[in-house]
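Coming up is one lone chain in structure tokens, specifically the form predicted alone.
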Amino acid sequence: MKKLPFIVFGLVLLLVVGSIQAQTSVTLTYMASQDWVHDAEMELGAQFEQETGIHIDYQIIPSDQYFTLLQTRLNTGEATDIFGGQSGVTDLIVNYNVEVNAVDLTDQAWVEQMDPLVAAQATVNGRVYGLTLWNTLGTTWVVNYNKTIFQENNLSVPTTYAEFRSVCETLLGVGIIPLFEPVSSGWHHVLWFPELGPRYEEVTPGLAEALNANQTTFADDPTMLTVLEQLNELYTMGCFGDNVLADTYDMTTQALASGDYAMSVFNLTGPQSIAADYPDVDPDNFGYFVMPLADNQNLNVNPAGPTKFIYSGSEHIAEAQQYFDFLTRPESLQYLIDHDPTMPTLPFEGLTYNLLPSQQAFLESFAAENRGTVYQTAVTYVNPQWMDIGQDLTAMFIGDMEPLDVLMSIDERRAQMAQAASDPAWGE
């Protein structure tokens, strides 16, 4: 009888050891597009493994291949435990079919702490399916410009397209490339078009609603045509430099730090990334203005962004939820802000942001009526064809398509996706 406690203790010890061994054998696979997972998150992944024994296998895919591969894996039932995608209700339905392919996360504690506007873009039919751990505020896409170059050439911040064109002409005249535009990445040059949604709405109030109801088309909108014509003119003028079709997004900080380029469409918090890569560069040497095509002077707001989903077919759903819990701890979120220059804000409560005074002042300079939602979020069936739009714009640059052709192509793909989704606005 006296040996019984030792037997019980031994059994308990075996159970504990077995549990630890089972836990340490778990590897969570996580597939994401290039630039969606940064070093700081991987460092948190290492901390998570040290704490739990669960290893994270990050599978980073080139952005121009990612969505095709993701669709293939979802369609064949071979997705990774965690997969990345862009939030936005249309994308969740059309691209990922999250009600089938992703785990319902509505009851997770961290959902209540996420910005409601951001959470809404990861929600379908009232159920939350994704964790948007992204700098949705600081990643507002604006034109970053080199203040020194502007001052040395007596240039002012442009507020119309004519002024913008004049700035580019002056820079070209003194041998400075006006704009860094990494077309080769396939997605960045698309920003010039749907990000101007607030301007489209300003000129034609209710346009997004009409587009979603299939009451009008992109090709019928004169402001959109103007934007593409002006973008094409910038390319034709040589404003993007001779290597525009080969440049890639990962070259942005070097391009702006070098002073060879005066401007680039970059995140509002892009200067922090530049300073992180090139410590000798003062982030305050950069200013900001909105993309002024079609004389736009409205701030483009996007509450959507790269989002993490747990695959419904995963054998490790509980461990993936555990990883999400770890990432959304206040100390983990603050770690991302403090250690990732691309994440100076995150859409969660109670964090200390890392914005420059100039960035805060820029945001505050836009009244509520001069802010609006970008069209890849406001208009259905736009974001899912982002890379296709990129290919069309490249074809426009090299003369294989006209601006109106690009708009018509967007309309055609929207109709196809709407019909595939049985959208009642498009009929049978």
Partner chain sequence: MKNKNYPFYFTIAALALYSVFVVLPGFMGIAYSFTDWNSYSTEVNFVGLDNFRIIFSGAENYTDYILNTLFFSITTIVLKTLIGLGLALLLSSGVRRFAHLYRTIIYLPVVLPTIAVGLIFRSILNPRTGILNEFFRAVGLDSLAQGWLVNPDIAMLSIIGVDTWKGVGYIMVILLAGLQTIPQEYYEAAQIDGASSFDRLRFITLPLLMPAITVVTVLNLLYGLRVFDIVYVLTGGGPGYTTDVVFTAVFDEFSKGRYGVGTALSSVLFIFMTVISFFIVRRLTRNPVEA
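Residue numbers count along the first chain shown, from 1. Everything numeric here is computed off the predicted structure, so don't read it as measured data. Between two forms, the rigid core is the largest collection of C-alphas that superpose within 1.5 Å.
Beyond the structure shown, there is the form predicted together with its partner chain, which is absent from this document and is the topic of what follows.
- The three residues Q151, V174 and N370 each lack any heavy atom within 4.5 Å of its partner chain in the model of the complex.
- With its partner chain left out of view, the stretch that reaches within 4.5 Å of it through heavy atoms in the model of the complex is, among 332-340, 315-323, 199-207, 240-248, 240-248.
- Proximity of M401 to its partner chain in the model of the complex falls within the 4.5 Å heavy atom cutoff.
- When contacts are judged by a 4.5 Å heavy atom cut-off, D411 does not count as touching its partner chain in the model of the complex.
- Taking the partner from the other structure, its partner chain in the model of the complex has no heavy atom within 4.5 Å of any heavy atom of S33.
- Using a 4.5 Å cutoff between non-hydrogen atoms, A395 counts as a contact of its partner chain in the model of the complex.
- Out of the listed residues D388, D57, E49, E43, D388 is the one that sits within 4.5 Å of its partner chain in the model of the complex by at least one heavy atom.
- Between its partner chain and the residues T345, T223, T80, N95, the one pair within 4.5 Å by heavy atoms in the model of the complex involves N95.
- Once the cores line up, the CA of M224 ends up less than 2 angstroms apart between this form and the one not shown.
- Shown in the overlay between this form and the one not shown, fitted on the rigid core, is a CA shift at L74 of 2 Å or greater.
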